[in-house]
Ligand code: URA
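Single chain ahead, written as structure tokens, the form predicted alone.
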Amino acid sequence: MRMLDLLLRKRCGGEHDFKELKFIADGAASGAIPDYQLSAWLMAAFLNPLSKKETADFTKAMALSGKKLDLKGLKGGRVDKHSTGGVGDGVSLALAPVAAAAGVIVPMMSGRGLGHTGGTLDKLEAVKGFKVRLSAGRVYKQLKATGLSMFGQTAELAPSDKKLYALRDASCTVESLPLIVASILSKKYAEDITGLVMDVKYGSGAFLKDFKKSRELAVALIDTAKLLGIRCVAVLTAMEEPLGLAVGNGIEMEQSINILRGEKGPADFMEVLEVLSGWMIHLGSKAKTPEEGMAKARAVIADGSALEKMRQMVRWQGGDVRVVDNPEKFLPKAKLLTDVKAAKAGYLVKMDARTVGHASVVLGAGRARAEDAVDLGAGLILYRKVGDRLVPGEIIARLYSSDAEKLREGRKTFESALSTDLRPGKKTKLIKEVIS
């Protein structure tokens, strides 16, 4: 088999079979196919998009370009969740323990933050000692004992994705829907899961701002997941303003732990948490309907079993378990702070999610480049949300950083995200559609 022949076929609009796509994925993972040919093939696939079958086959081929987790020895449904990224979207931190406490096996493979969006792994590492790089054997052992493991992608899982992702960025083919789907689902297929809940964002702070395009992605993900034998649902959620009241690593971790401890969480955060939990529990065959799953989610928070799952996970992954009972004391928070206050009476009508995300990066909580370090204690806490009435002098947000200059710049960026008016304005519906 020659890459030149495959490249020519795709350039002319032809289709590949599984063996040919496996050849491409394996060649990307091993380095046997040069970057210039892979880049040319990506452009050909961008101009002549992969069919539904090709997308499913390529997803499987990418997953099989490395080692695949084998979790079939575990009894019960194995369900993961994936978010297309947002600001303040630390839902996974509470969601995974909730679903596990309801009896679902949760192997949750996550990533790091980049640009204006946060990353689950960075938030977990705000817990001192917490390890996110786990071997396949360790993940299996932990899942068998506790039903829950949150970990990062290893070099062995879908290695072709790392190469092709970088080349897509360099060859202007990032927007190809089939290639996006294959990239996302190859890692999930490699986890050996039976169910997947997708939180597909749209709006200012989302990867795809336009609802129509986000919906197209959601449908493509579901169609491909079904062809791979994975039960899947997509929840389309708005990301016009930050989710919840916390943006930052330790700050978001604290918010999620407090929710698991039974404290009342922000209304928008709780709505997304409950809907995603309900579907995870349903897809894990622990509830007949998503609504029953939501009731079980509320129950495991109320009886403390979800918090206990968090404690078990922290202990198994080397973290300081004291954080579970006293997050305010044992999670990092930068020493420098400044308050952004309302200058005049009125209503907060806009808090642009993307700009707030950029503000958190400036404060030190995120990355402008993949190699950047993060300040685990930096970020911001919101005291007001869109639609709230403002009184002059009251706090809208409190910003944290370890660097005075970053704090000043972060404040300036955050303030540019805000708009006020004498009337409350219209608030965007948070969950627009659920597709199953």
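Because the structure is a prediction, the values reported are computed rather than measured. For every residue, the number given is its place in the sequence shown, counted from 1.
FYI, the form predicted together with this ligand isn't displayed, but the following is about it.
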item	value
Residue stretch of 324-332, 165-173, 134-142, 286-294 approaching this ligand in the predicted complex, non-hydrogen atom distance within 4.5 Å	165-173
Option touching this ligand, based on a heavy atom within 4.5 Å in the predicted complex, out of 317, 183, 355, 146	183
Contact residue in the predicted complex, from 187, 116, 311, 78 (heavy atom within 4.5 Å of this ligand)	187
Contact test in the predicted complex: residue 130 vs this ligand, heavy atoms, 4.5 Å	no
Partner contact for residue 269 in the predicted complex: this ligand, 4.5 angstroms, heavy atom	no
Distance check, residue 207 to this ligand in the predicted complex, heavy atom within 4.5 Å	yes
